[in-house]
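Coming up is one lone chain in structure tokens, specifically the form predicted on its own.
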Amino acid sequence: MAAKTAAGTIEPKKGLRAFISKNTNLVTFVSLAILLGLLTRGRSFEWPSVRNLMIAESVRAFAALGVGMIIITRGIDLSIGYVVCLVASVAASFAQTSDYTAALYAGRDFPLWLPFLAGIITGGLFGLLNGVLVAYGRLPAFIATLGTMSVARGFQLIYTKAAVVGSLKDSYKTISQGSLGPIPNLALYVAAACVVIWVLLRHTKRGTNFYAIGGNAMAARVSGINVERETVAVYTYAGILYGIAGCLLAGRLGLANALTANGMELDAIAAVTVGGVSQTGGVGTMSGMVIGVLTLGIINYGMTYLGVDSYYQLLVKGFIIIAAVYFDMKKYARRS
């Protein structure tokens, strides 16, 4: 237990044990990185491996940043995967080469900014819809986003007629597939997004409101916070991030289909939970979200390296979520 000072206040615990308790997600990440390095005989520390990890996890990072903010407000979003799938399909349809006879808009050559605008608007509208359903429709976030997940899935199949949206312009693909020196573009986009989310959460009134709503929505309302407006805002911000993720994913893959981003909601929720964003609301940081994404990335890399079947990898992810939420609840139950 922490010691009391002469004034009667509780003195914070110090030492290695206190550091590990406070930075569990960081310690877990470092430990897994070292373990993976030992298993691969150092190959995982080589730049090509690090670069591949950044590329593989960049799109998931956008989704994690979005749902992380929602969970801070004690919400949840199950629509991520299909919203990103729909966005990728919409963006890809405006980025197809004009001479591709099977294109959704055959013979049309759209400017390069249009796929991003269309994709981000699509993601933002779904985020707005989720927020309105939760804030003003009074629907549980679980039910509301489960419904919009199905709506996004239906729109994707109707819009594409269940066909693959391929033959994208090289200039569009380069935005996701290119690099600035040795650093992949995707990693730079994530870095920029992280700065924006960090500023939003830590240095704006709206960010403070998100934490207050997650901590105690009734108390936040009494203190003058417009809970409904802030709830709509956080879901809309998340939708915009999903929109960016979908646009970049289409460029990275060079196509979009009905399986694009399949299961991304599981990856994103697992990542932020491992990263220390509490399911009870009011707790979480941008850095924790990113560490959670990288931690899951290392786990995926390690399982692939060890030849673990992809079906078993899904089992592992499920158990990770269960374990992370369990220990999260135990941790904050002790504090309270």
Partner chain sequence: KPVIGALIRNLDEQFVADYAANLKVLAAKAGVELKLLDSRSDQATQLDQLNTLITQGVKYFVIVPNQTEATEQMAKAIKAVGGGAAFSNIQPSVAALKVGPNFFLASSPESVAGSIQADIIDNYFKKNPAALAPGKTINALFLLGQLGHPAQKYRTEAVKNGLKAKGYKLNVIAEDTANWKPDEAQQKMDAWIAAYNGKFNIVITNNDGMALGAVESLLTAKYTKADAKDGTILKVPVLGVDATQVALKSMAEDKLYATVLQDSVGQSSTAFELALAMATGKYKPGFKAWGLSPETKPGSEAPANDAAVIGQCYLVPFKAVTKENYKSFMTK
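Quantities reported herein were computed from a predicted structural model and do not represent experimental measurements. Residue numbers count along the first chain shown, from 1. The term rigid core refers to the maximal set of C-alpha atoms that superpose within 1.5 Å between the two forms.
The form predicted together with the partner chain exists for this protein as well; it is not shown, and the discussion that follows is about that form.
Participant: Since the chain is shown here on its own, which stretch among 100-108, 115-123, 87-95, 238-246 would lie within 4.5 Å of the partner chain in the predicted bound form, judged by heavy atoms?
Facilitator: In short, 100-108.
Participant: Given that the partner is absent here, does residue 52 sit within 4.5 Å of the partner chain in the predicted bound form, heavy atoms only?
Facilitator: Within the cut-off, so yes.
Participant: Please determine whether residue 185 contacts the partner chain in the predicted bound form, using a 4.5 Å cut-off between heavy atoms.
Facilitator: Contact with the partner chain, no.
Participant: With the cut-off set at 4.5 Å between non-hydrogen atoms, does residue 180 touch the partner chain in the predicted bound form?
Facilitator: Judged by the heavy-atom cut-off of 4.5 Å, residue 180 is well away from the partner chain in the predicted bound form.
Participant: Check whether residue 232 has any heavy atom within 4.5 Å of a heavy atom of the partner chain in the predicted bound form, and answer yes or no.
Facilitator: Residue 232: no, not in contact with the partner chain in the predicted bound form.
Participant: Check each residue of 121-155 against the partner chain in the predicted bound form and list those with a heavy atom within 4.5 Å, in sequence order.
Facilitator: The stretch 121-155, when checked against the partner chain in the predicted bound form, contributes only 153 at the 4.5 Å heavy-atom cut-off.
Participant: Comparing between the shown form and the other one on the rigid core, is the C-alpha shift at residue 310 2 Å or larger?
Facilitator: Residue 310 C-alpha, core-superposed: shift of 2 Å or more.
Participant: Do residue 317 and residue 67 have their C-alpha atoms closer or farther apart in the predicted bound form than here, with the shift being 3 angstroms or more?
Facilitator: Between the C-alphas of residue 67 and residue 317, the gap widens in the predicted bound form (3 Å or more compared with this form).
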